[in-house]
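Next up: a single chain in structure tokens, the form predicted on its own.
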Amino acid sequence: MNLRIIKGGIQDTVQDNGRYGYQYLGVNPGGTMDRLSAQIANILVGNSLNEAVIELHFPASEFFFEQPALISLSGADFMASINGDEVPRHRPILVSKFSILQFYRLRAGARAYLSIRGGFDLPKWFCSYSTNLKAMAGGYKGRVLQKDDEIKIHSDEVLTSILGKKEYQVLPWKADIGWEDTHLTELLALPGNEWEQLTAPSKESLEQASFMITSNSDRMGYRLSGQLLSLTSKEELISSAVSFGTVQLLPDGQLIVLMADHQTTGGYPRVAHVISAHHPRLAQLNPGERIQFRLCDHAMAETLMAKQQQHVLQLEYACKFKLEGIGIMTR
């Protein structure tokens, strides 16, 4: 039985944590833009952290369930509904056969994630389910989801017995997503390889000014608009490895932040790197919103990443206990 798309979204794709180990072949990692939200969605339904999810952008796709399913939504708030009734994010939801999932309004964030217990029956490409749009491979036929697409999902008779005659049921627990003690508005970043090549005024501007995300932004990178920055010299750089979160200085003096679908190497100066723990925050920003960077050291970056991972682990244990308590075995 399948999950059927009854209305196509703007750019919804199947993603997992990405494909690593193939950058030497020119294949970028890709994967979810907001890995934390995708992992939370998977945890809520008892999936492994790296199970495939559907990454949604607003206006999002609409889905028809041909069989009962346990689902969850995380990340951006698109005002989701099951059969016309609004349902919450960050909670597991049992949906009956012939249910319809729709999204009505963008309230907050940029990307939402739909997970389904058991994942999707799709082939892997280079050990990953993630969609690589440029290579037209991975995910569902290597492309964005379209009307009338059907993705096979795994059946589970336990769900039918729990639901009974209900159209859907929101299970009575919620994932706590507040893993940081403070609510920083800045994105923490490490100095990049070419940080010292920035002029003193440019260093000051990068830390103190804010930069707007332009409409010319996508999963490959966020192009920023703000105060022009410059280098002390204009030496030609050898193309070098880049990663998710690398902040490059373009020839016109503006910045670009590389995102999940970044190229494997780049020749522009790498003036900073957004820390991994703040990639989810970065991924939930929309064009027109502003970014402010604050430099930190490696010790702080490692501490925050460890804290985020600890939070994920605690959620995983708690949700496993809750699901098994109602007869749903976790993976």
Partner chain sequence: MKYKTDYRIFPLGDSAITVDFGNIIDEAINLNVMAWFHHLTNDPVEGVIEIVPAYSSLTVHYDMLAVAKNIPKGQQAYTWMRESIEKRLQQYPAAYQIEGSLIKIPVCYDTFFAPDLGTLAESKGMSSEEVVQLHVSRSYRVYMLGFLPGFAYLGQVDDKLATPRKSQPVEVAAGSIGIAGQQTGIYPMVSPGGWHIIGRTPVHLFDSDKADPALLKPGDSVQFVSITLHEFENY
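Residue numbers count along the first chain shown, from 1. The structure presented is a predicted model; accordingly, all values stated were derived computationally and were not measured.
Keep in mind that the form predicted together with the partner chain is not shown, yet the notes after this line are about it.
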Of 167 to 175, 135 to 143, 90 to 98, 203 to 211, which is the one stretch near the partner chain in the model of the complex, taking non-hydrogen atoms within 4.5 angstroms as near?
-> 135 to 143
Using 4.5 Å between non-hydrogen atoms, is L190 touching the partner chain in the model of the complex?
-> yes
Given that the partner is absent here, does A306 sit within 4.5 Å of the partner chain in the model of the complex, heavy atoms only?
-> yes
Though only this chain appears here, would L228 touch the partner chain in the model of the complex if you measure heavy atom gaps against 4.5 Å?
-> no
Any chance A112 has a heavy atom within 4.5 Å of the partner chain in the model of the complex?
-> no
Can we say N2, Q67 and G119 each have a non-hydrogen atom within 4.5 Å of the partner chain in the model of the complex?
-> no
Judged by heavy atom distances of 4.5 Å or less, which residues of 258 to 273 approach the partner chain in the model of the complex?
-> Q263, T264, T265, R270, H273
